[in-house]
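Subsequent text provides structure tokens for two forms of one protein chain, presented individually as structure 1 and structure 2.
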Structure 1
Amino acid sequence: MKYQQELKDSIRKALPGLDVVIAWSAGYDPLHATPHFIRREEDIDRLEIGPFSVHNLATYLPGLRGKKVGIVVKGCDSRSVIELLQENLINREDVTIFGFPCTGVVDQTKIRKALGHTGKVDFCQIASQTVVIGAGGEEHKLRLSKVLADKCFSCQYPNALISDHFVGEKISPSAQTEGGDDLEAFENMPLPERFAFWQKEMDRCIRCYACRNACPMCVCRDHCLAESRDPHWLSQEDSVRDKWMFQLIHAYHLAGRCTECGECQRACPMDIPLLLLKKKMNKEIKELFQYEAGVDPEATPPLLSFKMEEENIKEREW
């Protein structure tokens, strides 16, 4: 990106006062990026940002509490940082935030489906709205809009909402419609079809808990119900019931907290559309409490507050 050097310069100035800066660098092939932990000045040169900077780096912040940490964030990542601050899971004075505008990130699942088995990837270039991939001795050209993550088509927060250092020029929220509204299509399904849909999807779950581990708001991993034996919430049976039970509890624990970063779905090795479940929950939270997670640093998440009567819950009328 054109402001990558500006970002490197900002980190270089701030690094002496920090224990580590979390960013991205090139991964094992040109199609992938990987989290990059900058501790020395020479580490800065390996930093790369762009459409492959997918990982939500806020996931690492609770584990580094007490250290002076810098973090590079795009819009959806910054919402997770705000939510962590709201819940006092990190200390604002310990975190230096480097923000930038995001024009979208790629979905590796879409690339795999478009190319099939690619073998070794030799190069990848993004020019204008085209992704050019060299693999298997062939050159493949894909429209960028065809391989962007679905969450990017409806993103209303492309710029970091909180930052100490912001590089680049802020951009407008996405007005793209390509990719469709999966939540609207899901809600239009009859209830029996919705249930059958999730039964089919959950049957493919292998209970690896990658969705939980990648989630920046899933911070109680040492006491997770998935491993708890007292109380014993879940069995080790390979049943749809237990898989669905875990995912439902996970979604409820994220109610009013999920920032729709999509890390749960990205991390899932079975490509289960887990973000759809979280988006449905967020829609209900917004309608009931007029609240969006990770948007206002001064707001209190609705399920962390108490009111005698909620404005949109008419209990006395039932």
Structure 2
Amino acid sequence: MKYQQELKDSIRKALPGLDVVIAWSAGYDPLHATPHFIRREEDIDRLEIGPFSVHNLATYLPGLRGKKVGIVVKGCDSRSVIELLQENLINREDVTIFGFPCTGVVDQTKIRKALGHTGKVDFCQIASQTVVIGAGGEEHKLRLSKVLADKCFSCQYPNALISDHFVGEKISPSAQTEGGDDLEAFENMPLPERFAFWQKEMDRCIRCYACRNACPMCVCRDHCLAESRDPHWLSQEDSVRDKWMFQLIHAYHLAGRCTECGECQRACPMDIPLLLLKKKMNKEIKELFQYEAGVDPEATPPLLSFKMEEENIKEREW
């Protein structure tokens, strides 16, 4: 990544005033990065940014409230930071934001599908638009665009929307403005098929709540309704009903707050297409209230406000 050195320098300068800077470093194999907590000067060297910087590090911010935290954000991550600021869950003065122009991150599921088997990966090289992966003794050449996350294709905010230090030059957003083809296709499915689809997908949920815990906007964390008896919304039964209901709770609680970072779906070890629900919610929120979360730190989420006359709600027609 071009600006990596510049970013390291920037962090090095800021580190003395900060308790920790959250960034990424290399993960357990060449196809993975991992969140990297920089506390000491020597930690900076291991910082790496690039297409494997998939994690939305904003998720960690509320838990570090009260500390001076630096955070490296992609454009999409910065929207989560904005949303957290908007909800007063973090203090602006405690957070130092490092932005860089993001050219997209990979979707591990897509790589896995393209390679067939990624258990044994020896190396990975990315040169401009090509990814070369050595796995199981074979060399696979893939076009980068084949393995980029869906959200990157419709990305409107490749540069951090809010930052204290921005390295590199800002780049222009992707040309494709309409995201969510999968949503459109799904909405064209007959209702009974959709109903069946969710039951099938939710059936394999193991209730690990990685979707929730990876979500930067799931700020209830330890006090989530999912595991509570008072209020007692869900049982601990291994039933599609309870598992599905949890996803509805998640989606509804994110209404008007979700920035579509996709962490829920990425985190899901069972690859359940959870983002679909959030995309639908966002689409309706946008249509109803012309509102997009994570763009303006001063805005109020639409479900926490109202208008006496709602232009787009025609409830009297029923």
Partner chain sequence: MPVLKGKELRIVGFLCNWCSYGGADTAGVGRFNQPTDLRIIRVPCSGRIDPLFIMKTLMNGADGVLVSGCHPRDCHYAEGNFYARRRLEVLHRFLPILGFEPGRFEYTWVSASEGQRWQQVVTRFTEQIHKLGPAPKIAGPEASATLRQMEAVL
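C-alpha atoms forming the largest set that superposes within 1.5 Å between two forms make up the rigid core. FYI, numbering is relative to structure 1, first residue = 1. Quick caveat, the model's predicted, so the values are computed rather than measured.
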query	finding
Structure, 1 versus 2, that is the form predicted on its own	1
Large Cα move at residue 13 between structure 1 and structure 2, threshold 2 Å, rigid core	no
Backbone CA shift between structure 1 and structure 2, residue 308, after core fitting (angstrom)	3.1
